[in-house]
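Form predicted on its own, single chain, as structure tokens, below.
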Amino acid sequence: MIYTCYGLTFVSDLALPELLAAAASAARSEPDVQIRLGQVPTEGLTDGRQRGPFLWVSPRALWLRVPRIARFLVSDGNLITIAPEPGVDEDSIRVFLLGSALGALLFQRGLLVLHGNAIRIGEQCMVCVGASGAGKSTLAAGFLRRGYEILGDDVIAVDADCRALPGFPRIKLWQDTAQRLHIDTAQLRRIRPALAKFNYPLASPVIGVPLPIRWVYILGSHPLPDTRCEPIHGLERFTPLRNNTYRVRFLEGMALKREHLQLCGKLAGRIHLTRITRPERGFELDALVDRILADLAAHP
């Protein structure tokens, strides 16, 4: 099975319905990435360093074990090998394959990987980052409802020219968020069987070209009733990008920290960076979208 994502061609032993099927011509060329079902060491990497109870890292590989799901070996930026646990469902494997394992592979390919979503604004794009539960996917759904194109959700890959690469043609929504947006989840696929979180496919595929990142918003919440926008200037711009890097601890031991710091610094010098803090409860999604659009217009 052949797919495309982040400008790469994937050949996978595992079905990946979250990705776009590649054109038939791609079958005649060498894939950028292979995803195989196969043997993965049971106890980490002999030439690596242990960075957690289920994580080993070396300059060329990352070993990850997800208990009761699978072991993953990510190698050289072009190969992911999966050893599933007996009886595990494929949806659960895909959650970690298209999250942690793919994030590690993108690091190995020299990309900056941010935890957030990317939205097309004209011929540029806006990236929204923040901690889990901050409302990033909800915000992306709000922009989607206004007719904006989603370039990527959850795992955002940024190249050396500070462009966001087109990612998955879907966003992930919790049940309560879908209800709030009047989205019927009856026909949507759960990302895992026992989880009330759904893959919401985009009506049109993500665009196929990278877009320069002009704006980055760090989304958070507070107990106050108002929404606040606070521009971040000078040397303070670097740390938020590092802190919102996807699975930043993966970089330890992969000999990629210098490149990562350089990419963070380069991106920090090109963007309008703003911390936007919305009410924890009762915030209006349309009002938040309006607030961000006004700030975008003020900083073209």
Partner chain sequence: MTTIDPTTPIIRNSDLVAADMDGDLVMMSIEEGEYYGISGVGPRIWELLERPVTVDELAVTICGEFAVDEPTCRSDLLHFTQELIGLGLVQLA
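Because the structure is predicted, anything quoted here is derived from the model rather than measured. Positions refer to the first chain, counted from 1.
Omitted here: the form predicted together with the partner chain. The next part is about that form.
S.K.: Can you pick the one in R60, R249, R242, R36 that has a heavy atom within 4.5 Å of the partner chain in the predicted bound form?
M.R.: By the 4.5 Å criterion, the partner-contacting residue is R242.
S.K.: Pick from R51, R275, R237, R65: which has a non-hydrogen atom within 4.5 Å of the partner chain in the predicted bound form?
M.R.: Selected residue: R237.
S.K.: So which of 126 to 134, 226 to 234, 164 to 172, 100 to 108 is the stretch with heavy atoms within 4.5 Å of the partner chain in the predicted bound form?
M.R.: Every other range fails; the passing one is 226 to 234.
S.K.: Closest heavy atom of P41 to the partner chain in the predicted bound form, within 4.5 Å or not?
M.R.: The answer is no: P41 has no heavy atom within 4.5 Å of the partner chain.
S.K.: Would you please decide whether A268 lies within 4.5 angstroms of the partner chain in the predicted bound form, comparing each non-hydrogen atom pair?
M.R.: A268: yes, in contact with the partner chain in the predicted bound form.
S.K.: Does the 4.5 Å heavy atom contact test between L55 and the partner chain in the predicted bound form come out positive?
M.R.: Judged by the heavy-atom cut-off of 4.5 Å, L55 is well away from the partner chain in the predicted bound form.
S.K.: Does the partner chain get within 4.5 angstroms of any non-hydrogen atom of A70 in the predicted bound form?
M.R.: Judged by the heavy-atom cut-off of 4.5 Å, A70 is well away from the partner chain in the predicted bound form.
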